[in-house]
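Next up is one chain by itself, shown in C-alpha cells, the form predicted on its own.
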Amino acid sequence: MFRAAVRLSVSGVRGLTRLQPGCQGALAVRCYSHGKQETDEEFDARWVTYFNKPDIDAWELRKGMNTLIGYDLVPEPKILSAALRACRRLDDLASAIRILEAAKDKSGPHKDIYPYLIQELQPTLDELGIPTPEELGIDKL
C-alpha cells in the first residue's frame, strides 16, 4: 500500500517536471484602459459641477466626498470650496467640518499642504461662517 502511494507520488512529480511543448506559447496582453484620459482641469470641473448642483442632497454630498477622498490625491481648493458651499446650502455644519478634517487627513505627512488649503479656503470659510477644526479645538482630541 505504501509502495503504491510512493510510486504514484513520484510519477506525479516527474509529470510536473516535464516540459510540455504546448505550453510554450506567447501570453496574451490585455489592455483595459480604452477610454480617454481625463485631464486635471476636467477632473476639477467635473467635481465642482457635481457639488454645485442646486438640488444636491445630504446623501449625494457624502457619496461625492467619499468617492473624492478615495482617490489618491488631495482635492484642489476650488473643489473643497464647492463642497463647503453645498454644505451651507444643506445647512450641514458637521459635514463641512468633516470635509476639512478629511482634507487634513489626505495631506498626510506633508505639513505644507493643509495650511495652503486653509489659506486658499479662508475667504470661503469667512463668507460661509464655517470654523476650522483648529478654531474649534477638535484637532487636539
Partner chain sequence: MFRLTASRVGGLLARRPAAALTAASSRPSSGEVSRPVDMSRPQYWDRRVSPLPDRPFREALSAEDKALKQKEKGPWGQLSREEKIALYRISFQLTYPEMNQSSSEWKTVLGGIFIFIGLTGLLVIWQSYYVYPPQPLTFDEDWRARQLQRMLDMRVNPVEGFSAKWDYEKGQWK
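This is a predicted model, so every value here is computed, not measured. Positions refer to the first chain, counted from 1.
Keep in mind that the form predicted in complex with its partner chain is missing from the display, and what follows is about it.
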Please pick, from Ile97, Ala82, Ile56, Val74, the one residue with any non-hydrogen atom lying within 4.5 angstroms of its partner chain in the predicted complex.
-> Ile97
Partner contact check in the predicted complex: of 74-82, 87-95, 110-118, 40-48, the stretch with a heavy atom within 4.5 Å of its partner chain is 87-95
Is Pro123 a contact residue for its partner chain in the predicted complex, using a 4.5 Å heavy atom cut-off?
-> no
Would Gly35 count as a contact of its partner chain in the predicted complex, using a 4.5 angstroms cut-off between non-hydrogen atoms?
-> no
Scan 119-133 and note down the residues that get a heavy atom within 4.5 Å of its partner chain in the predicted complex; none is a fine answer too.
-> Leu128, Gly129, Ile130, Pro131
